[in-house]
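Given next, in structure tokens, is a single chain: the form predicted alone.
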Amino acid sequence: MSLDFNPKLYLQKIYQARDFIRKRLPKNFVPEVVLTLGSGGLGEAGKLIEPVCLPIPYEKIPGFKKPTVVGHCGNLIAGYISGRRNKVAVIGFQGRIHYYEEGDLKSVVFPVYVARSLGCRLYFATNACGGLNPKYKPGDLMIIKSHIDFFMPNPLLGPMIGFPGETRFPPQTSQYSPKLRKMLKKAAEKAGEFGYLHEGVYCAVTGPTYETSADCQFLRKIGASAVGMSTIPEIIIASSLGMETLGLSLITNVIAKDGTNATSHQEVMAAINDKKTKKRIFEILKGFFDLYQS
């Protein structure tokens, strides 16, 4: 958090961003779900959304920052995802700001506050990460069942901002809805992709360096199934604001048994852009929204 952080100004910017976005949405459009489409391409998930307005570049939205990382285009999209029973109103964040880009967690989690102020009740985060579990393979997906967050500062550090429903000491036991995790599993099974789906513990590090062999051995010993550089700050804020949360990780590489993590951003992007992986993500998310009801 910046030393000159002003909670009143931060809250004001949240409402400015909310009002800016609302003016570009149909009057009767109230989003239920916010879907963060991280490196996990989750770019493919964006194709599920039937848009109700043109994409809104982050740099035009008050308080939003444009991502600097390849694979994060930095647009807000809004529309409906058609399920079997009903249409689900969704906001999609195409890309995110990482802590290592800004060094400021308040910038990282700002879009979560805005999504909540627009009416969203479910925060669904996606990401790309490295697999620590030796059973995982590149192209697999991992449902996050819990996380390890002591490598990043807590996004709730500092003065409270006065957002409705905000709490100083939120418990960390209600994240990653078991009901919604079951839906993802059922969707994967129906899509014939269940063998590529796992459930595990996500650990976030600040980055931007990849982990040392000692880091990776340590993370395995404390129970981490995968490691990445995002998601947890957003989940903490979303759950602290009373939102249901869900997380899905794309395994882009698997770290060797000795902890060697010889990956690169190019390798990560190659895994993300694999046609089979894109199809897997699309089918599972489509199946999930077929089952989802608010």
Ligand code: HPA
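Every value quoted in this text rests on a predicted model; they were computed, and no experiment measured them. The numbering used is simple: start at 1 and walk along the sequence shown.
Beyond what is shown, the protein has a form predicted in complex with the ligand; the following relates to that form.
**Student:** Which of these residues, L241, V69, V268, I61, gets a heavy atom within 4.5 Å of the ligand in the model of the complex?
**Tutor:** Selected option: V268.
**Student:** Find the only residue in M229, I237, L246, L35 having a heavy atom within 4.5 Å of the ligand in the model of the complex.
**Tutor:** Looking at the other structure, the residue within range turns out to be M229.
**Student:** Please name which of the stretches 177 to 185, 207 to 215, 83 to 91, 149 to 157 has residues with heavy atoms lying within 4.5 Å of the ligand in the model of the complex.
**Tutor:** Going by heavy atoms within 4.5 Å, the stretch is 207 to 215.
**Student:** Could you confirm whether C129 comes within 4.5 Å of the ligand in the model of the complex, counting heavy atoms only?
**Tutor:** Output for C129 is yes: heavy atoms within 4.5 Å of the ligand.
**Student:** Any of the heavy atoms of I255 lying within 4.5 Å of the ligand in the model of the complex?
**Tutor:** Residue-level check for I255: yes, a contact with the ligand.
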